[in-house]
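A single chain comes next, written as structure tokens; it is the form predicted on its own.
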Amino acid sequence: MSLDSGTKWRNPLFVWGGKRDVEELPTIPFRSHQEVWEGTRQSKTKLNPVGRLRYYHKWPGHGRTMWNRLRYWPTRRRVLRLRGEYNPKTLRAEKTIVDKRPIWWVLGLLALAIAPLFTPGDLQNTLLTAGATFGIYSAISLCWMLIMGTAGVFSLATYAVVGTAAFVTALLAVKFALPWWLLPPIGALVGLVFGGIIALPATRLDGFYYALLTLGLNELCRVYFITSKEFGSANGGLYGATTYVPEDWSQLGQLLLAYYACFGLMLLALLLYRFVNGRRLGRILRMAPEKREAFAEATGVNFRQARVWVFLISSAALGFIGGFYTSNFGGVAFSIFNFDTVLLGLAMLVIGGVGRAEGAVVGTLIVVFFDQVLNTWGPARFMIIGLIMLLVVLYLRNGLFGIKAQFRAWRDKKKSERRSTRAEKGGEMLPEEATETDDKSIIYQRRYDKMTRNHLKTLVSPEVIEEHRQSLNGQHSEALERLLIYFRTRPQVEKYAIMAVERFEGYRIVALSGHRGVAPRVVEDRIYSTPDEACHGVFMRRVQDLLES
């Protein structure tokens, strides 16, 4: 920077007759600090708002009822997750509902309970039939979610368990005229035995290989029941079992009874999911997620036994659903073993989100709506289901119910990138570094350091360098004093220092490591004859680093 020759700096210590004091030196024109600050902090970058802050409604006061929290029996989960705190501004006691999922569950189940009252007359039969099917398949998806989400066992034999229990109970009901209320318990016993057989390989196989085994088992069951005369190979299924739907009722009454019975089955499956996932078995398996089994086993967690227990409980529940399936439809068809049925069931879990009960229910609702209500669309409805499943797998991390967390993560990332890529005020951190930094104050510290460096670059001039060469100590001009203060406050890591090669004869510039026990690094091979020359060499290297930053 070239200076105005008319601007001089007068040394106030010259009158004392110092050895190296100079009366006048050229310096830069004076600029107000307020002018420098306002010109530096103003941002000319166009910024667009991204997202908004989270909003939680605050209720005044919490009182004694704050601590009397109801819990879901038999789990330890609270009905509402409340957080009591004091407002730092008003010092008023407040409470906040942190987790609103129970409220949405109550509203959703209430909507399903009163939905038959608002069905149009021309679509009443179709919607009520689809609603009964939705209840059964939701219960199956919830039990399957326990196996895949909670236990972490990728099993495709879910419909094999349901179909086997349904065919066995149908055969017993036809031969021995069993009442309908005995079929679900018998189906639960069949599912428990069947689940115990297929749970044994789960202790040895994992992932893709176990999925192939269970898929082959499902196909084996299909071939066996289709070729067996006892199970109705000539009729496409086994029918004639007793049902809980009275024959003398009207068609509307029969449909309503089937709808609410299947709705009750879904509620029982939801209660089982909460019982298993929210208690000891679920907590044990959450300690041993995928790729962390060795750590859980080292801490004394028997996750294999917990997985087997969850598998057996879910298989018994699936067998119960198979018995209910028979008592609801009066029999069972071979289509329950078809590969497209397995794929539709898998689509229910993937679309909603694996590991969440609400994902299983909503995913089932979407698939059943396209499959049962829009059956006049023909094969196009299966293409739509496949397209939805493909989009969810490609663009969503955890199904539809993972959109909220994924959007928040994307919004926070964009906000951090936008803060870190501002040309005037930012750019001091890489976008990915700013995104991964938890302490955002580091960004502002580096931003302030960047503003300081930009201003100090304007102070570097040949006159300032000459002033430092002539007068290392004592009072300096404002420009040189600001540069020296900034250089002195730098951290120890890679800070320049002087090392004596030969006492009073040779000096060398080194860079400190900043770590105890680690020797300094030699910066250059030049040997300075006096300490003053070495100090000026350190100053020049610092100035060079400042201009290159």
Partner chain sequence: MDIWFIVSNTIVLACIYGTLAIGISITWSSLGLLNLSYGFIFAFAGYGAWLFAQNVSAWGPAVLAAGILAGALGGVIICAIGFIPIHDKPNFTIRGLIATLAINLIGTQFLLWWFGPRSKNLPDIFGNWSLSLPGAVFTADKVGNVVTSIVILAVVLRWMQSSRRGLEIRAMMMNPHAASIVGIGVRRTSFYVMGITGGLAGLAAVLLSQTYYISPFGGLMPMIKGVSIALCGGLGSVRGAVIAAIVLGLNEALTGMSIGGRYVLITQFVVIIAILLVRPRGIAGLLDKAREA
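Just so it is clear, the structure is predicted and the values come from calculations on it, not from any experiment. Numbering follows the first chain given and starts at 1.
Unshown form predicted in complex with the partner chain; subsequent notes refer to it.
Relative to the partner chain in the model of the complex, residues Leu107, Ala111 and Glu358 are all farther than 4.5 Å at every heavy atom. In short, of 202-210, 172-180, 456-464, 254-262 it is 202-210 that has heavy atoms within 4.5 Å of the partner chain in the model of the complex.
Listed residues Ala298, Leu123, Leu387, Val79 were compared with the partner chain in the model of the complex; Leu387 is the one with a heavy atom within 4.5 Å.
Think of it this way: in the model of the complex, the partner chain has a heavy atom of just one of Phe382, Trp309, Tyr448, Phe275 within 4.5 Å, and the residue is Phe382. At least one heavy atom of Glu219 is located within 4.5 Å of the partner chain in the model of the complex. Of the heavy atoms in Arg411, none are within 4.5 Å of the partner chain in the model of the complex. Shown alone here, Ala241 lies farther than 4.5 Å from the partner chain in the model of the complex, counting heavy atoms only. In the model of the complex, the partner chain sits beyond 4.5 Å of every heavy atom of Leu192. For the partner-free chain shown, just Val350 of 347-365 comes within 4.5 angstroms of the partner chain in the model of the complex, judged by any non-hydrogen atom.
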